[in-house]
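Single chain ahead, written as structure tokens, the form predicted on its own.
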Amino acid sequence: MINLTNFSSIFIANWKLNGNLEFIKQYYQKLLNNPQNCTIICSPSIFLNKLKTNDKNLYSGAQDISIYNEGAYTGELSAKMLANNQISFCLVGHSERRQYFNEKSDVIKLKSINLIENNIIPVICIGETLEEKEKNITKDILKYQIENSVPDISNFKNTIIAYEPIWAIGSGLTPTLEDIDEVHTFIKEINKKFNQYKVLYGGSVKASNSRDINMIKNVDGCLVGGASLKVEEFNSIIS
């Protein structure tokens, strides 16, 4: 398993349902390498074997996995299969999975256990909706999601948490720096064991705001969506 303590910051490109072979070729021709940071490219699963890695600070990651390890589950992809293909990271519980595929925290916990048991680092995503934010229950929602999504076998060496306010994803809106700082501090203080976890921020991250976000003490990097599809902009973010 990758040693997360080797990196000052972690940046994840989530391509979502985008990309093709020519896109991947051109992307890696232009992608810059910052040896101080860990860079992870999460592509659709069909392209995972086409992604370049260097076993130092550039890795590939899946966008989701099954709760099952094997069996009669047509169309599913298991953690064992990812491990067999040297995939080091996997997103779980992304807001789009929670929203469009009705994934609950207990399912996300099962997926995370499968990943950890196969030496793959889960990136467990949490976040509140606009309605929940307006009701001032953001911290209640996050606390519930963390306590019910993060398995007991997780620790700061084998698990990453990503805070992505659902209302900010793809909207161009972002919380204030003060709000991000408050939430990330809250996450790390839910339980003393979370204090050393890497906690990433996601939600309309772009080159114009990434530097300020990453200057926040308890922000350990970014989960980047739409901006990661533009390699020049992603280069600016990871540098």
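Numbering starts at 1 and runs along the sequence shown. The structure displayed is predicted, hence computed values, not measured ones.
There is also a form predicted together with phosphoenolpyruvate (PEP); it is not shown, and the following applies to it.
Shown alone here, residue 19 lies farther than 4.5 Å from phosphoenolpyruvate (PEP) in the model of the complex, counting heavy atoms only. Although the partner is absent here, residue 225 lies within 4.5 Å of phosphoenolpyruvate (PEP) in the model of the complex, judged by heavy atoms.
Using a 4.5 angstroms threshold between heavy atoms, residue 205 counts as touching phosphoenolpyruvate (PEP) in the model of the complex. In the model of the complex, no heavy atom of residue 111 sits within 4.5 Å of phosphoenolpyruvate (PEP). Checked against phosphoenolpyruvate (PEP) in the model of the complex, the candidates 120, 168, 142, 77 yield a single residue with a heavy atom inside 4.5 Å, and that residue is 168. Listed stretches are 176-184, 36-44, 23-31, 195-203; the contact stretch with phosphoenolpyruvate (PEP) in the model of the complex is 195-203, by a heavy atom cutoff of 4.5 Å.
Not one of 64, 103 and 149 is positioned with any heavy atom within 4.5 Å of phosphoenolpyruvate (PEP) in the model of the complex. If you take 91-119 and check each residue for a heavy atom within 4.5 Å of phosphoenolpyruvate (PEP) in the model of the complex, you get 94, 96, in sequence order.
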